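What follows is one chain in structure tokens, specifically the form predicted alone.
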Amino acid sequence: MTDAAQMIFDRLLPPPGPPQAAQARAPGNIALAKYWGKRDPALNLPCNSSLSVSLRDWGSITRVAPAPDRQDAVWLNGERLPGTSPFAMKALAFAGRFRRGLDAPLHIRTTNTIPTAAGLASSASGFAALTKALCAAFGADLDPAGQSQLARIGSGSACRSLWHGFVRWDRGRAPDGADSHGYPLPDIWPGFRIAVIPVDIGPKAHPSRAGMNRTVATSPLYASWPERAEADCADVRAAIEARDLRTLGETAEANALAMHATMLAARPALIYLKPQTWVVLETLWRARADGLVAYATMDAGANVKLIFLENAARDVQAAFPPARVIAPFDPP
């Protein structure tokens, strides 16, 4: 059987040779217009385009080096993982796509700079940093668009974590995914802020990949999602260009709630939001009625992220004491 994902690596990478030690870092990202559902699960090709903003210093630092003991091994935040760990298995399987049969055992060491209690997954920054480090280790002088295609295979949203700032991921049309990758937007918005409000920092009951597949296969609401999500992505892009926070926030919040509605309608239902999530949302909506200009977005999880401008930061912090405020356009 043809491995379509491996064919992308074979097309983009030079012939494999002995790897060198290399290190890379990548920021996490929060999608303002969500990606949910795949037109090709094997290649992580999305049903709709998406748009995100990076989290500055919150992300991953990954070092790849030849293994002096000739044994593959993976460390996460200083802890050597057992070979049966899902993270280690995914990282080494991804590294295998670069090795392509070459006998070159690797040591992979990843440190997440996302605060432990932030309730954010790090697969996007993790696979983006791993992609960059492996490209450097194996002498692959790829442009960022090429690296983004490879990172997408590891984790879809990783293709948006190659850059800082606003990044759009085009859904693309090509069957092989050659036109489905991230690219940075030129817009710089110094006053733009993201607040992360942790609700549940434990592992999700349903991994995003499985949740997407179930939603696409069983939700009667999903049929209208790709077209609506594509329009939302365009509206978010236009709002960023216009520095129109109200339109951006209203669109992002509606987009996130619509995504969760498709999950609720899946058979059986997928429920990522927790009771405390709704408490945060209701608190936000009451504060907004009283004049706070801030909006919410939620990924496939319980945690809430708020979108607002610098002049609202004090009020956001007062209304939500656990909030961690990030200035995406400050120097990393």
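One rule holds for the numbers: they count along the sequence shown, beginning at 1. Since this is a predicted model, take the numbers as computed values, not measurements.
The next section is about a form of this same protein that is not shown, the form predicted together with a small molecule.
**Student:** Just one of 31, 280, 55, 306 has a heavy atom within 4.5 Å of the small molecule in the predicted complex. Which one?
**Tutor:** None of the others qualify; the residue that does is 31.
**Student:** I need to confirm a contact call. Of 47, 266, 294, 300, which residue comes within 4.5 Å of the small molecule in the predicted complex, counting heavy atoms only?
**Tutor:** After the contact test, the surviving option is 300.
**Student:** Name the stretch: of 234-242, 171-179, 214-222, 154-162, exactly one has residues whose heavy atoms fall within 4.5 Å of the small molecule in the predicted complex.
**Tutor:** Partner-contacting stretch among the options: 154-162.
**Student:** Should the three residues 193, 252 and 317 be counted as contacting the small molecule in the predicted complex, with contact defined as a heavy atom within 4.5 Å for each?
**Tutor:** The answer is no: none of the three residues contacts the partner (heavy atom, 4.5 Å cut-off).
**Student:** Residue 38: heavy atom within 4.5 Å of the small molecule in the predicted complex?
**Tutor:** Because a heavy atom of residue 38 falls inside 4.5 Å of the small molecule in the predicted complex, the answer is yes.
**Student:** Is there a heavy atom of residue 206 no more than 4.5 Å from a heavy atom of the small molecule in the predicted complex?
**Tutor:** Result no; residue 206 lies far from the small molecule in the predicted complex.
**Student:** Although the small molecule is absent from this view, report whether residue 123 comes within 4.5 Å of it in the predicted complex, heavy atoms only.
**Tutor:** Taking the distances in the predicted complex, the answer for residue 123 is yes, it comes within 4.5 Å of the small molecule.
**Student:** Looking at the partner-bound form in the predicted complex, is residue 259 within 4.5 Å of the small molecule by any heavy atom?
**Tutor:** Contact with the small molecule, yes.
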